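Okay, so here's just one chain, in C-alpha coordinates, the form predicted on its own.
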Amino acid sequence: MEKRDHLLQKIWLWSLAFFLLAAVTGLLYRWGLIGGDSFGLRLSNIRHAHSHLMFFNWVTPVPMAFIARSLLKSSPEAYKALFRPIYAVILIGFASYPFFLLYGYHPVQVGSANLPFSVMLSGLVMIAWYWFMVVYLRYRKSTDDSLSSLFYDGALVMLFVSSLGAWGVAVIQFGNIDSNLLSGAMTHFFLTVFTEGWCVLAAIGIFYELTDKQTSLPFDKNWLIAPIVLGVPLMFPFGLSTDLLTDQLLWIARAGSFLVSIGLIMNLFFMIRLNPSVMKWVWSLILILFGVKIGLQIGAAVLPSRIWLGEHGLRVLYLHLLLLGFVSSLYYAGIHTLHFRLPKIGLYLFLGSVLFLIVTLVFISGLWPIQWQPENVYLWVTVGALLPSIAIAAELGVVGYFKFK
(Lines give C-alpha, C1' and ligand atoms only; values in the text may rest on other atoms or scores of the structure.)
Protein backbone atom coordinates (compact mmCIF):
# COMPACT_ATOMS: atom_id res chain seq x y z
CA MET A 1 0.00 0.00 0.00
CA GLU A 2 1.28 3.49 -0.85
CA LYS A 3 2.08 5.77 2.06
CA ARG A 4 -0.51 8.31 1.00
CA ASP A 5 -3.29 5.72 1.06
CA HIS A 6 -2.03 4.42 4.40
CA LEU A 7 -2.27 7.90 5.93
CA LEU A 8 -5.77 8.48 4.57
CA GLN A 9 -7.04 5.14 5.86
CA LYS A 10 -5.62 5.70 9.36
CA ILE A 11 -7.12 9.19 9.62
CA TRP A 12 -10.43 7.92 8.22
CA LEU A 13 -10.61 5.16 10.82
CA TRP A 14 -9.86 7.48 13.76
CA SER A 15 -12.16 10.21 12.46
CA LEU A 16 -15.00 7.73 12.02
CA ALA A 17 -14.69 6.74 15.66
CA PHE A 18 -15.04 10.36 16.78
CA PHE A 19 -17.77 10.97 14.21
CA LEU A 20 -19.68 8.16 15.91
CA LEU A 21 -19.15 9.78 19.31
CA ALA A 22 -20.34 13.13 17.92
CA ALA A 23 -23.43 11.46 16.43
CA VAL A 24 -24.27 9.77 19.75
CA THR A 25 -23.81 13.11 21.51
CA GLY A 26 -26.18 14.73 19.02
CA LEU A 27 -28.68 11.96 19.71
CA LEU A 28 -28.39 12.66 23.45
CA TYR A 29 -29.12 16.33 22.77
CA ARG A 30 -32.18 15.49 20.69
CA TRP A 31 -33.34 13.02 23.37
CA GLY A 32 -33.00 15.70 26.00
CA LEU A 33 -35.10 18.10 23.94
CA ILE A 34 -38.07 15.74 24.00
CA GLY A 35 -37.79 15.26 27.77
CA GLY A 36 -35.49 12.26 27.96
CA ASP A 37 -32.79 11.80 30.58
CA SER A 38 -29.67 13.81 29.70
CA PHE A 39 -27.75 12.47 32.74
CA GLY A 40 -27.77 15.82 34.48
CA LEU A 41 -25.86 17.54 31.68
CA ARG A 42 -26.94 20.94 30.40
CA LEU A 43 -28.37 20.72 26.89
CA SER A 44 -26.32 23.72 25.78
CA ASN A 45 -23.13 21.94 26.87
CA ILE A 46 -24.15 18.76 25.04
CA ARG A 47 -24.75 20.83 21.91
CA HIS A 48 -21.32 22.48 22.20
CA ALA A 49 -19.62 19.10 22.72
CA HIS A 50 -21.43 17.68 19.68
CA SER A 51 -20.60 20.56 17.35
CA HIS A 52 -16.97 20.99 18.42
CA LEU A 53 -16.21 17.28 18.10
CA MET A 54 -17.76 17.37 14.62
CA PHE A 55 -15.63 20.36 13.71
CA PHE A 56 -12.34 19.31 15.30
CA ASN A 57 -12.37 15.54 14.76
CA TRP A 58 -14.42 15.02 11.61
CA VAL A 59 -14.69 17.89 9.11
CA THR A 60 -11.12 19.05 9.79
CA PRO A 61 -8.88 15.92 9.83
CA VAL A 62 -10.64 14.07 6.98
CA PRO A 63 -10.16 16.77 4.33
CA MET A 64 -6.65 17.38 5.70
CA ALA A 65 -5.93 13.70 5.04
CA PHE A 66 -7.18 14.04 1.46
CA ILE A 67 -5.02 17.14 1.02
CA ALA A 68 -2.03 15.27 2.49
CA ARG A 69 -2.69 12.40 0.10
CA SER A 70 -2.52 14.84 -2.80
CA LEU A 71 0.81 16.27 -1.58
CA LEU A 72 2.33 12.84 -0.94
CA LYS A 73 1.89 11.95 -4.61
CA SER A 74 4.79 14.25 -5.48
CA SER A 75 6.47 14.46 -2.04
CA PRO A 76 6.38 11.02 -0.34
CA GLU A 77 9.05 12.19 2.09
CA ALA A 78 6.48 14.53 3.69
CA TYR A 79 4.56 11.65 5.31
CA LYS A 80 5.61 12.28 8.93
CA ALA A 81 5.50 16.06 8.55
CA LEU A 82 1.86 15.87 7.43
CA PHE A 83 0.82 13.02 9.71
CA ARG A 84 1.82 14.78 12.95
CA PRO A 85 -0.32 17.97 12.76
CA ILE A 86 -3.39 16.00 11.69
CA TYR A 87 -3.02 13.69 14.66
CA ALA A 88 -2.44 16.69 16.91
CA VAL A 89 -5.77 18.13 15.72
CA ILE A 90 -7.51 14.83 16.52
CA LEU A 91 -5.93 14.38 19.96
CA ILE A 92 -6.45 17.95 21.14
CA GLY A 93 -9.98 18.02 19.73
CA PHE A 94 -10.86 14.90 21.68
CA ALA A 95 -9.25 16.32 24.83
CA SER A 96 -11.60 19.32 24.60
CA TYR A 97 -14.70 17.12 24.35
CA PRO A 98 -15.24 16.34 28.09
CA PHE A 99 -14.73 19.99 29.01
CA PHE A 100 -17.35 21.14 26.51
CA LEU A 101 -19.68 18.35 27.65
CA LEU A 102 -19.38 19.15 31.35
CA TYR A 103 -18.71 22.89 31.38
CA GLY A 104 -19.37 24.34 27.92
CA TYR A 105 -17.49 27.61 27.62
CA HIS A 106 -17.50 28.14 31.37
CA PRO A 107 -14.19 28.05 33.28
CA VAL A 108 -13.19 25.20 35.58
CA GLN A 109 -12.03 25.99 39.09
CA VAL A 110 -8.56 24.56 39.77
CA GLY A 111 -7.41 25.63 43.22
CA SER A 112 -7.83 29.38 43.36
CA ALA A 113 -7.83 29.80 39.59
CA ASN A 114 -10.69 29.61 37.10
CA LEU A 115 -9.40 28.15 33.85
CA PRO A 116 -11.48 27.99 30.63
CA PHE A 117 -10.08 24.65 29.48
CA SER A 118 -12.47 24.30 26.53
CA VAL A 119 -11.37 27.69 25.15
CA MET A 120 -7.70 26.96 25.82
CA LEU A 121 -7.82 23.58 24.06
CA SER A 122 -9.71 25.10 21.15
CA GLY A 123 -6.83 27.54 20.80
CA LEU A 124 -4.36 24.64 20.73
CA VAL A 125 -6.41 22.98 17.99
CA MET A 126 -6.09 26.10 15.86
CA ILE A 127 -2.34 26.16 16.44
CA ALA A 128 -2.30 22.60 15.06
CA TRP A 129 -4.22 23.93 12.03
CA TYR A 130 -1.44 26.47 11.48
CA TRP A 131 1.14 23.70 11.83
CA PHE A 132 -0.56 21.80 9.00
CA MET A 133 -0.73 24.96 6.88
CA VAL A 134 3.02 25.57 7.28
CA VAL A 135 3.80 22.01 6.18
CA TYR A 136 1.37 22.37 3.28
CA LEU A 137 3.07 25.56 2.07
CA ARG A 138 6.46 23.88 2.30
CA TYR A 139 5.47 21.08 -0.10
CA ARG A 140 2.78 22.85 -2.16
CA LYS A 141 5.25 24.08 -4.79
CA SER A 142 6.03 20.51 -5.82
CA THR A 143 2.42 19.74 -6.82
CA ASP A 144 0.78 20.49 -10.14
CA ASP A 145 -1.42 23.54 -10.64
CA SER A 146 -4.65 21.53 -10.83
CA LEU A 147 -8.22 22.57 -10.05
CA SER A 148 -8.20 20.46 -6.87
CA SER A 149 -5.01 22.18 -5.67
CA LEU A 150 -6.64 25.57 -6.28
CA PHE A 151 -9.58 24.60 -4.08
CA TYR A 152 -7.31 23.12 -1.41
CA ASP A 153 -5.43 26.43 -1.37
CA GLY A 154 -8.68 28.35 -0.99
CA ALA A 155 -9.99 25.99 1.68
CA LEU A 156 -6.89 26.45 3.84
CA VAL A 157 -7.09 30.24 3.40
CA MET A 158 -10.68 30.08 4.64
CA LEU A 159 -9.62 27.88 7.58
CA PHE A 160 -7.06 30.51 8.56
CA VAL A 161 -9.55 33.36 8.16
CA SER A 162 -12.16 31.51 10.23
CA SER A 163 -9.64 31.10 13.06
CA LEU A 164 -9.43 34.90 13.36
CA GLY A 165 -13.07 34.93 14.44
CA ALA A 166 -12.39 32.23 17.05
CA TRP A 167 -9.44 34.20 18.41
CA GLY A 168 -11.72 37.23 18.55
CA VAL A 169 -14.16 35.31 20.73
CA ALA A 170 -11.31 34.37 23.09
CA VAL A 171 -10.10 37.98 23.30
CA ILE A 172 -13.63 39.17 24.14
CA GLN A 173 -13.98 36.53 26.86
CA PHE A 174 -10.59 37.09 28.45
CA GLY A 175 -10.89 40.86 28.10
CA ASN A 176 -14.35 40.93 29.72
CA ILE A 177 -15.64 43.04 26.82
CA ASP A 178 -19.37 43.55 27.28
CA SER A 179 -20.72 43.66 23.72
CA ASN A 180 -23.32 41.18 22.56
CA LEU A 181 -22.98 42.39 18.97
CA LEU A 182 -19.20 42.00 18.90
CA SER A 183 -19.31 38.61 20.61
CA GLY A 184 -22.05 37.34 18.31
CA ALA A 185 -20.30 38.71 15.22
CA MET A 186 -17.00 36.99 16.06
CA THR A 187 -18.72 33.69 16.86
CA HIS A 188 -20.75 33.58 13.68
CA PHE A 189 -17.84 34.85 11.58
CA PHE A 190 -15.91 31.77 12.69
CA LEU A 191 -18.84 29.40 12.15
CA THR A 192 -19.75 30.80 8.74
CA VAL A 193 -16.24 30.95 7.29
CA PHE A 194 -15.41 27.52 8.70
CA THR A 195 -18.49 25.74 7.34
CA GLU A 196 -19.16 27.67 4.12
CA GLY A 197 -15.48 28.28 3.38
CA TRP A 198 -13.23 25.52 4.68
CA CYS A 199 -15.73 22.65 4.62
CA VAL A 200 -17.32 23.42 1.25
CA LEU A 201 -14.14 24.35 -0.63
CA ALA A 202 -12.25 21.32 0.70
CA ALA A 203 -15.14 19.03 -0.29
CA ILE A 204 -15.24 20.49 -3.81
CA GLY A 205 -11.46 20.07 -4.02
CA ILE A 206 -11.81 16.38 -3.09
CA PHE A 207 -14.41 15.97 -5.83
CA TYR A 208 -12.13 17.53 -8.44
CA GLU A 209 -9.22 15.37 -7.33
CA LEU A 210 -11.22 12.16 -7.61
CA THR A 211 -12.93 12.82 -10.94
CA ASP A 212 -11.71 10.54 -13.69
CA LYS A 213 -12.51 12.92 -16.54
CA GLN A 214 -10.86 16.06 -17.84
CA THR A 215 -12.57 18.91 -19.63
CA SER A 216 -11.60 22.43 -20.54
CA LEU A 217 -13.13 25.53 -19.02
CA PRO A 218 -14.43 28.38 -21.19
CA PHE A 219 -13.07 30.85 -18.60
CA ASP A 220 -10.23 31.23 -16.13
CA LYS A 221 -10.53 28.60 -13.40
CA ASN A 222 -10.13 31.25 -10.68
CA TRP A 223 -13.69 32.35 -11.45
CA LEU A 224 -14.87 29.07 -9.91
CA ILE A 225 -13.50 29.99 -6.51
CA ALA A 226 -13.18 33.80 -6.37
CA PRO A 227 -16.90 34.57 -5.69
CA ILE A 228 -16.93 32.02 -2.86
CA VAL A 229 -13.77 33.30 -1.17
CA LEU A 230 -14.97 36.90 -1.45
CA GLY A 231 -18.55 36.25 -0.39
CA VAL A 232 -18.24 33.78 2.50
CA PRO A 233 -16.76 36.24 5.06
CA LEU A 234 -19.69 38.61 4.42
CA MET A 235 -22.37 36.06 5.30
CA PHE A 236 -21.88 35.95 9.09
CA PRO A 237 -24.77 38.35 9.94
CA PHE A 238 -27.23 35.59 8.97
CA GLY A 239 -26.28 33.89 12.24
CA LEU A 240 -27.03 36.90 14.45
CA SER A 241 -30.22 37.17 16.48
CA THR A 242 -32.85 39.56 15.13
CA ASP A 243 -32.29 42.07 17.95
CA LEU A 244 -28.63 42.48 16.90
CA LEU A 245 -29.14 42.51 13.13
CA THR A 246 -29.25 45.91 11.44
CA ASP A 247 -30.41 46.65 7.90
CA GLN A 248 -26.83 47.33 6.86
CA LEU A 249 -25.58 43.99 8.21
CA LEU A 250 -28.48 42.19 6.54
CA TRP A 251 -27.63 43.64 3.14
CA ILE A 252 -23.98 42.71 3.61
CA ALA A 253 -25.05 39.13 4.34
CA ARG A 254 -27.36 39.09 1.31
CA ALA A 255 -24.59 40.37 -0.96
CA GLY A 256 -22.18 37.74 0.37
CA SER A 257 -24.73 34.95 -0.06
CA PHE A 258 -25.47 36.10 -3.61
CA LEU A 259 -21.75 36.05 -4.50
CA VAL A 260 -21.26 32.61 -2.98
CA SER A 261 -24.34 31.28 -4.77
CA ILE A 262 -22.95 32.38 -8.12
CA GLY A 263 -19.68 30.56 -7.44
CA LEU A 264 -21.40 27.40 -6.21
CA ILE A 265 -23.79 27.27 -9.17
CA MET A 266 -20.84 27.53 -11.57
CA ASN A 267 -19.13 24.69 -9.75
CA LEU A 268 -22.27 22.56 -9.65
CA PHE A 269 -22.70 22.72 -13.43
CA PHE A 270 -19.04 21.90 -13.93
CA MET A 271 -19.17 19.06 -11.39
CA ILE A 272 -22.19 17.56 -13.16
CA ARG A 273 -20.10 17.40 -16.34
CA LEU A 274 -17.29 15.69 -14.42
CA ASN A 275 -19.50 13.24 -12.51
CA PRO A 276 -17.22 10.21 -11.83
CA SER A 277 -18.08 6.99 -13.64
CA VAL A 278 -17.37 4.99 -10.46
CA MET A 279 -20.53 4.84 -8.25
CA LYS A 280 -22.22 7.35 -10.54
CA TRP A 281 -25.59 7.23 -8.77
CA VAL A 282 -23.98 7.93 -5.38
CA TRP A 283 -22.16 10.97 -6.75
CA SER A 284 -25.33 12.10 -8.52
CA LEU A 285 -27.24 11.97 -5.21
CA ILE A 286 -24.53 14.04 -3.53
CA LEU A 287 -24.70 16.64 -6.30
CA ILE A 288 -28.49 16.79 -5.88
CA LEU A 289 -28.04 17.48 -2.17
CA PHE A 290 -25.44 20.10 -3.07
CA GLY A 291 -28.00 21.70 -5.38
CA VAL A 292 -30.62 21.77 -2.61
CA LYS A 293 -28.09 23.41 -0.30
CA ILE A 294 -27.45 26.09 -2.94
CA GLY A 295 -31.21 26.58 -3.34
CA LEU A 296 -31.63 27.25 0.38
CA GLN A 297 -28.68 29.64 0.30
CA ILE A 298 -30.25 31.60 -2.57
CA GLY A 299 -33.46 31.67 -0.52
CA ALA A 300 -31.58 33.27 2.36
CA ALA A 301 -30.36 35.97 -0.03
CA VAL A 302 -33.72 36.88 -1.58
CA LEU A 303 -36.50 35.92 0.82
CA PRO A 304 -37.74 38.17 3.65
CA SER A 305 -35.35 38.01 6.59
CA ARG A 306 -38.07 36.84 9.01
CA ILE A 307 -38.27 33.49 7.18
CA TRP A 308 -34.56 32.63 7.57
CA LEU A 309 -33.84 34.40 10.86
CA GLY A 310 -37.15 33.63 12.52
CA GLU A 311 -37.12 29.85 12.01
CA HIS A 312 -34.47 28.10 14.06
CA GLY A 313 -35.56 24.76 12.61
CA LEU A 314 -34.77 26.00 9.10
CA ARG A 315 -31.19 26.83 10.06
CA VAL A 316 -30.80 23.42 11.74
CA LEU A 317 -32.04 21.78 8.52
CA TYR A 318 -29.60 23.82 6.42
CA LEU A 319 -26.63 23.01 8.66
CA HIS A 320 -27.34 19.27 8.53
CA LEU A 321 -27.91 19.41 4.78
CA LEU A 322 -24.52 21.09 4.41
CA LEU A 323 -22.38 19.09 6.84
CA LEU A 324 -24.08 15.67 6.53
CA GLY A 325 -25.91 15.76 3.22
CA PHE A 326 -23.11 17.23 1.13
CA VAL A 327 -19.79 17.30 2.99
CA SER A 328 -19.88 14.05 5.00
CA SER A 329 -21.55 12.07 2.22
CA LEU A 330 -18.85 13.29 -0.17
CA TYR A 331 -16.17 12.01 2.23
CA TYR A 332 -17.82 8.60 2.23
CA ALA A 333 -18.10 8.55 -1.55
CA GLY A 334 -14.48 9.65 -1.84
CA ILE A 335 -13.18 6.84 0.36
CA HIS A 336 -15.24 4.21 -1.45
CA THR A 337 -14.19 5.55 -4.84
CA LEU A 338 -10.52 5.24 -3.93
CA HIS A 339 -11.05 1.84 -2.27
CA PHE A 340 -13.77 0.48 -4.49
CA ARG A 341 -13.49 -3.09 -3.18
CA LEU A 342 -14.52 -2.10 0.34
CA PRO A 343 -18.03 -3.43 1.12
CA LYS A 344 -20.58 -0.67 0.53
CA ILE A 345 -22.94 -1.49 3.40
CA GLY A 346 -21.67 1.41 5.54
CA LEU A 347 -21.87 3.84 2.62
CA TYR A 348 -25.44 2.87 1.70
CA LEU A 349 -26.62 2.89 5.31
CA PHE A 350 -25.10 6.32 5.83
CA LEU A 351 -26.71 7.82 2.73
CA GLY A 352 -30.07 6.34 3.70
CA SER A 353 -29.82 7.59 7.29
CA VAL A 354 -28.85 11.09 6.16
CA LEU A 355 -31.81 11.29 3.78
CA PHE A 356 -34.17 10.11 6.52
CA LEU A 357 -32.73 12.63 9.00
CA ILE A 358 -33.06 15.49 6.52
CA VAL A 359 -36.69 14.57 5.82
CA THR A 360 -37.51 14.58 9.55
CA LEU A 361 -35.84 17.98 9.93
CA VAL A 362 -37.99 19.34 7.10
CA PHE A 363 -41.06 18.58 9.25
CA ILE A 364 -39.83 20.93 12.01
CA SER A 365 -38.14 23.49 9.76
CA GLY A 366 -41.07 25.91 9.79
CA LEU A 367 -41.53 25.42 6.04
CA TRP A 368 -43.70 22.32 6.41
CA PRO A 369 -47.41 22.98 7.14
CA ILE A 370 -48.22 22.05 10.74
CA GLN A 371 -51.41 20.26 9.72
CA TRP A 372 -49.35 17.90 7.55
CA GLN A 373 -46.91 16.94 10.28
CA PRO A 374 -46.95 13.25 11.25
CA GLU A 375 -48.01 12.29 14.76
CA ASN A 376 -45.18 12.23 17.32
CA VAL A 377 -43.04 14.25 14.93
CA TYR A 378 -40.28 14.85 17.49
CA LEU A 379 -40.04 11.13 18.15
CA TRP A 380 -39.42 10.65 14.42
CA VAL A 381 -36.79 13.39 14.52
CA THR A 382 -35.09 11.56 17.38
CA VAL A 383 -35.17 8.32 15.38
CA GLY A 384 -33.64 10.28 12.52
CA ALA A 385 -30.83 11.38 14.84
CA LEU A 386 -30.26 7.73 15.87
CA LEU A 387 -29.86 6.21 12.40
CA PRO A 388 -26.57 7.92 11.42
CA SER A 389 -24.94 6.45 14.54
CA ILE A 390 -25.86 2.94 13.38
CA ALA A 391 -24.59 3.67 9.87
CA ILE A 392 -21.30 5.13 11.13
CA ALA A 393 -20.79 2.11 13.40
CA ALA A 394 -21.30 -0.18 10.39
CA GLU A 395 -18.74 1.74 8.33
CA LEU A 396 -16.32 1.74 11.24
CA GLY A 397 -16.63 -2.03 11.56
CA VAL A 398 -16.20 -2.61 7.82
CA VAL A 399 -13.17 -0.34 7.44
CA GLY A 400 -11.63 -1.53 10.71
CA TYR A 401 -11.86 -5.17 9.60
CA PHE A 402 -10.76 -4.82 5.99
CA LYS A 403 -7.99 -2.35 6.83
CA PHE A 404 -6.02 -5.21 8.39
CA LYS A 405 -6.80 -7.83 5.76
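No experiment lies behind these values; they were computed from the predicted model shown. Note that residue numbering begins at 1 and tracks the sequence as displayed.
Not pictured, yet referred to below: the form predicted in complex with protoporphyrin IX containing FE.
Undergrad: So which of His106, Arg138, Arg315, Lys221 reaches within 4.5 angstroms of protoporphyrin IX containing FE in the model of the complex, heavy atom to heavy atom?
TA: When protoporphyrin IX containing FE is considered in the model of the complex, the option within 4.5 Å is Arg315.
Undergrad: Have a look at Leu323, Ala128, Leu72, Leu240 for me and say which one sits with a heavy atom within 4.5 Å of protoporphyrin IX containing FE in the model of the complex.
TA: Answer to the contact question: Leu323.
Undergrad: Would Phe207, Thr211 and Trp283 all count as contacting protoporphyrin IX containing FE in the model of the complex, using a 4.5 Å heavy atom cut-off?
TA: No, none of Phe207, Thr211 and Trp283 comes within 4.5 Å of protoporphyrin IX containing FE in the model of the complex.
Undergrad: Is there a heavy atom of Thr337 no more than 4.5 Å from a heavy atom of protoporphyrin IX containing FE in the model of the complex?
TA: So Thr337 does not count as contacting protoporphyrin IX containing FE.
Undergrad: Determine whether any heavy atom of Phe66 comes within 4.5 Å of a heavy atom of protoporphyrin IX containing FE in the model of the complex, and answer yes or no.
TA: Because no heavy atom of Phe66 falls inside 4.5 Å of protoporphyrin IX containing FE in the model of the complex, the answer is no.
Undergrad: Taking any heavy atom pair closer than or equal to 4.5 Å as contact, tell me whether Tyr29 reaches protoporphyrin IX containing FE in the model of the complex.
TA: Contact with protoporphyrin IX containing FE, yes.
Undergrad: Spell out, yes or no, whether the shortest heavy atom distance between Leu303 and protoporphyrin IX containing FE in the model of the complex is within 4.5 Å.
TA: No.
Undergrad: Among 338 to 346, 34 to 42, 368 to 376, 49 to 57, mark the stretch whose residues have heavy atoms within 4.5 Å of protoporphyrin IX containing FE in the model of the complex.
TA: Looking at the other structure, the answer is 49 to 57.
Undergrad: Check each residue of 347 to 380 against protoporphyrin IX containing FE in the model of the complex and list those with a heavy atom within 4.5 Å, in sequence order.
TA: Read in sequence order, the lone residue that approaches protoporphyrin IX containing FE (within 4.5 Å, in the model of the complex) is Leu357.
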